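Shown below, as structure tokens, is a lone chain in the form predicted on its own; questions about how it binds or moves come after it.
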């Protein structure tokens, strides 16, 4: 089990993680927070040792061995009117990248829109979900899954997974990594409100696919071109035959 004392002693946030809920097992930490009537405080974090229905984008299954990784969600309710919510994806994946770089000096590559890679292997993913009324978002949840001490992965994957244990050949402190992510994410969330361009520039600096030939798949439609850039709203700029198309959804891969 996660050791709360080891986590708390490294936590330097004002709000993120100060209300911290530990579950042995839930269906999904995102769903737990979205449905909860009890936990509605901004910055609440729900951590689970195991998710029975862990999910990624497009309802893909997120497989994580019990007691070895980090699967948690953060509730955000404040300052949402002042933020382009689409950019929270980028602030979250950037925060995970910076934490892995700071603690373990891993060479991180960010893949649009929400994957964190070591080389070409996936080590973490982000899933945003929300409850809205009209155009107003009442509750937004940032779900983060990180492969930490899992030694092997079986099955078929769109992107081959890895973990800090595989990359470093040693077990690392989940508590230290979790506190580092929350410390950085709270800081990046403040920056996102004041200077979103900084977040996007820092994110783009870690996206090695910019300038490369890519394939982008949305449902059953395939598009090919050069990934010209990620714009300041978080959309892919795909260049094909001299024309640039703005794309806000899909899966990208190198051609």
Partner chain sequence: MDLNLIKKLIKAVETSEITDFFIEEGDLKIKISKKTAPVIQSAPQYIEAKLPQTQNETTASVQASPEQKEAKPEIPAANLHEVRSPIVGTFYRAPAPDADSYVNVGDKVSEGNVLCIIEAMKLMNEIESDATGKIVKILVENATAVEYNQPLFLIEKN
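Numbering follows the first chain given and starts at 1. What you see is a predicted model, and the numbers here were worked out from it, not measured in a lab.
Below, we refer to the form predicted together with the partner chain, which is not included among the displayed structures.
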Inset, instruction - State the residue from 128, 166, 83, 103 whose non-hydrogen atoms include one within 4.5 Å of the partner chain in the predicted complex. - result: 128
Inset, instruction - Using a 4.5 Å heavy atom cut-off, state whether residue 248 contacts the partner chain in the predicted complex. - result: yes
Inset, instruction - Indicate whether residue 42 is a 4.5 Å heavy atom neighbour of the partner chain in the predicted complex. - result: no
Legend entry - Close approach of residue 137 to the partner chain in the predicted complex, 4.5 Å, heavy atom: yes
Inset, instruction - Would you please decide whether residue 195 lies within 4.5 angstroms of the partner chain in the predicted complex, comparing each non-hydrogen atom pair? - result: no
Inset, instruction - Mind telling me which stretch in 64-72, 201-209, 214-222, 186-194 gets its heavy atoms within 4.5 Å of the partner chain in the predicted complex? - result: 214-222
Inset, instruction - Determine the residues of 87-120 with a heavy atom within 4.5 Å of the partner chain in the predicted complex and present them in sequence order; the list may be empty. - result: 89, 90, 112, 113
